[in-house]
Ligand SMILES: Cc1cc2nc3c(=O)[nH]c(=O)nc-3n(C[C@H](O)[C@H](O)[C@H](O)COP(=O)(O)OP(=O)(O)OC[C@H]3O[C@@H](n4cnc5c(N)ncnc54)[C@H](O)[C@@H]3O)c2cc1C
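Here we start with a single chain on its own, the form predicted alone, put down as structure tokens.
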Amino acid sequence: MREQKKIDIAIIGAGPSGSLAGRQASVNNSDLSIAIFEEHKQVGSPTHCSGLIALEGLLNLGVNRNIIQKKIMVNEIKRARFVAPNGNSFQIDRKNDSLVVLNRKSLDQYLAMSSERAGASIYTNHHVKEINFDRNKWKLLIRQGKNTKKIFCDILISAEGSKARLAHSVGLYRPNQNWLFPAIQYEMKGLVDFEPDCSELFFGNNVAPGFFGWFIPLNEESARIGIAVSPVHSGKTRLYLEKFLHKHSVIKMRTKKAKPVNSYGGFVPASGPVKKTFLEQFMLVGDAAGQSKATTGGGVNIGGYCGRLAGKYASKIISKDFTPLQGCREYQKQWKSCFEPELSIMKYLRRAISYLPDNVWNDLIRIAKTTQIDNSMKSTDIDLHGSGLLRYALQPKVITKGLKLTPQVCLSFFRGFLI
């Protein structure tokens, strides 16, 4: 076992949250020694994301528009369609902003390189096995291939993902593991009869019990098609996807001559925000902190913003603008004031809809269409849509049409709340 000298800031994970934390800390103070430890051999691999992200959110993270369009973006989505189990649907056209389909690996690598250019060092194939706080320092036990070494740091930022094993090991609550939905996605070529600028979500217990299926176009003949399901169905995830591809009345017509060229698996985080995301000289960011949308599982933009906040306060702690505990507490205060209300609304919406029967989904889609939800949601922030959905649901015309569904929605919520 080799032992290295102490560094100022250590970051676990080179996803968007970790890389942006490192970049922000380096920008704030170029004299800091900052190390980002990534367990995989290559940043961005393996991919676990559908890659559908709000463009405005990426721009707010400081990603250059030209870089997005030339090196990261695969397609632009202008419309979203929501399909009920019985085939009825409604559609939302985006007016003020758009969704972009990204090569997620390219995004992660771009953010990692920007962090390195700012002054952080990234170490791939470095798996952090254990962390401990000792004598005002964090000690990391890291495995690199067959070798194991110790690293000491003043500030530790964990962007380890929704399993949050290390954070849990030192006493922090982690995202509710019962709300990590197993998912699988195929990238398929040779598809026909679809609109290349329209993404689609498919609901129903025969499609994806507990969550939904998706169809995200890449171009005129290719798309990413996937599902996520409740953890109780985790052993049948691939079977549900195959059934979706070959049995669904809409999708089977598109996939007759199509072939999968890639397959991705992972978990969709839908647990909602974690109550406490800091300890002495320690901050939790990204999916590990529940900084993702429980309604859809997306978290790049919100987690990335929170990563920047963590990097900012880590550098301020080192510069002695804050005491370690004050700085970490201020990080939590700032991110929660920005995002926790919306993330909590989305968490409760997810609890309310995950266990709905198909007949209720059919009615909800019908009500959404007849009450013109598209007009209500056109200008709603894609990343912070919880309050927009709540305002829509509380409109008198919506309440009137949905009264008969209230008992079943409440039952679904009660079931979800107990899990």
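Don't overthink the numbering: it's just position in the shown sequence, from 1. Because the structure is a prediction, the values reported are computed rather than measured.
Although not depicted, the form predicted together with this ligand is the subject of the following passage.
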Distance check, R65 to this ligand in the model of the complex, heavy atom within 4.5 Å: no
Taking 4.5 angstroms as the cut-off for heavy atoms, does S50 touch this ligand in the model of the complex? yes
Just checking whether G299 would be counted as a contact of this ligand in the model of the complex - the rule being heavy atoms within 4.5 angstroms. yes
According to a 4.5 angstroms non-hydrogen atom cut-off, is G161 in contact with this ligand in the model of the complex? yes
Counting heavy atoms only and using a 4.5 Å cut-off, do E39, A183 and G286 all touch this ligand in the model of the complex? yes
Stretch from 392 to 400, 21 to 29, 406 to 414, 8 to 16 whose residues place a heavy atom within 4.5 Å of this ligand in the model of the complex: 8 to 16
In the model of the complex, the one of K276, H127, K252, K236 near this ligand [non-hydrogen atom within 4.5 angstroms]: H127
Note: exactly one of R308, K347, H248, R104 sits with a heavy atom within 4.5 Å of this ligand in the model of the complex, namely R104
